[in-house]
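Only one chain is included here, represented as structure tokens and corresponding to the form predicted alone.
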Amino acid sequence: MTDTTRTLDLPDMVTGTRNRTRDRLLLIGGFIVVAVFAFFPIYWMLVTSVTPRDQVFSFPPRLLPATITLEYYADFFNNPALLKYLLNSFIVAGSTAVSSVAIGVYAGYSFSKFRYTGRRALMFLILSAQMFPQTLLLITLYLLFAQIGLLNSYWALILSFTSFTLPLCVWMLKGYFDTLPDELIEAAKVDGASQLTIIHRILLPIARPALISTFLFAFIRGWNDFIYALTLGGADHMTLPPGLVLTYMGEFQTSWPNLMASSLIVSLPIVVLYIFMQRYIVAGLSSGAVKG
């Protein structure tokens, strides 16, 4: 009786093993397709950036260059204008991130831990700012900054970028503060701590993961912007995205190897920041997503 049962179950076991193997192969194949789709453009940028100019448009295309050159990377660091754009990017993106986090901390704490008339309406009003296309406000901001004398300056870029990053930064930090127990704040009040002391000495050290993830989000937003940096900054305060386009792209010819090499160099600060702050970013986003 037992041997018969085992004999009858054997085909089912074989079928189950085959199905698991098939599912595993399909899953691996899906990951491979997604990886190729995601990383092949980066790989092609790298190949183009080290390919001599006379071989860039060879046909059929080569997945590996016959000759490797690093002259395009050297051209970037030997170009004073591009180095100026790089410095401008650090100034604008860093200032945007700092201002967004500084304002977002107080606004997020207020929305999370206080109850007052108009609180919910104000919260959704801030969030609704993300619903409007940013280019729609370009003409208005251009005229405003021109009237108050901030056009073609760092302030024009920092203020415009902060106005776009601040709503989401406020909500990210509010979500994190929602996860902190009110008993912690009440205990500090019993000990005589003021609201500023509670924020600066108690909550901010605890909220480090949320602060870092919010900082990185705002930094990337200021680092990658193109249209506002091209329009509001002027030639002396232009950042890298429009600077690279104006330097290497023209009406009749585009220097693709230089543009690819410079684009990879521009991407490095974001990659390095993410690598070093990854554990804080994951902790901040996951903790802020627990409660709304």
Partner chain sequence: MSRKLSSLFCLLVVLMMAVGVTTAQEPEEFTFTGWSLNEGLSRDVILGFANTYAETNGVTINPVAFPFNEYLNQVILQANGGQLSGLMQLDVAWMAPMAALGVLKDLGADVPEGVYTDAALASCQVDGVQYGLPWTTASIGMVANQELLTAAGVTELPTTIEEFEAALIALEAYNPEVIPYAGITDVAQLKDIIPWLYTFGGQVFADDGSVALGDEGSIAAVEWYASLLERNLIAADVDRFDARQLFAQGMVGFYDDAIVARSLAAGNKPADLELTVVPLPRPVLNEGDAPQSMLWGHCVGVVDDDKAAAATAFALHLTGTPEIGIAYFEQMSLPPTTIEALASDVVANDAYVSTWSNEVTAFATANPFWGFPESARMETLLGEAVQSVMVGDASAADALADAAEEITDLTQ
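Please read these numbers as outputs of a predicted model, since none were measured by experiment. Numbering follows the first chain given and starts at 1.
Quick note: we don't show the form predicted together with its partner chain, though the next part is all about it.
- Taking the partner from the other structure, its partner chain in the model of the complex has no heavy atom within 4.5 Å of any heavy atom of F177.
- Interface membership of T247, defined by any non-hydrogen atom within 4.5 Å of its partner chain in the model of the complex, is confirmed.
- Among residues of the shown chain, Y73 is not one whose heavy atoms approach its partner chain to within 4.5 Å in the model of the complex.
- In the model of the complex, its partner chain stays beyond 4.5 Å of every heavy atom belonging to I68.
- When its partner chain is considered in the model of the complex, only one residue from V98, L86, I202, L151 comes within 4.5 Å through any heavy atom, namely L151.
- The partner is not shown here, but in the model of the complex the stretch 36 to 69 reaches within 4.5 angstroms of its partner chain through a heavy atom at D54, F57, S58, F59.
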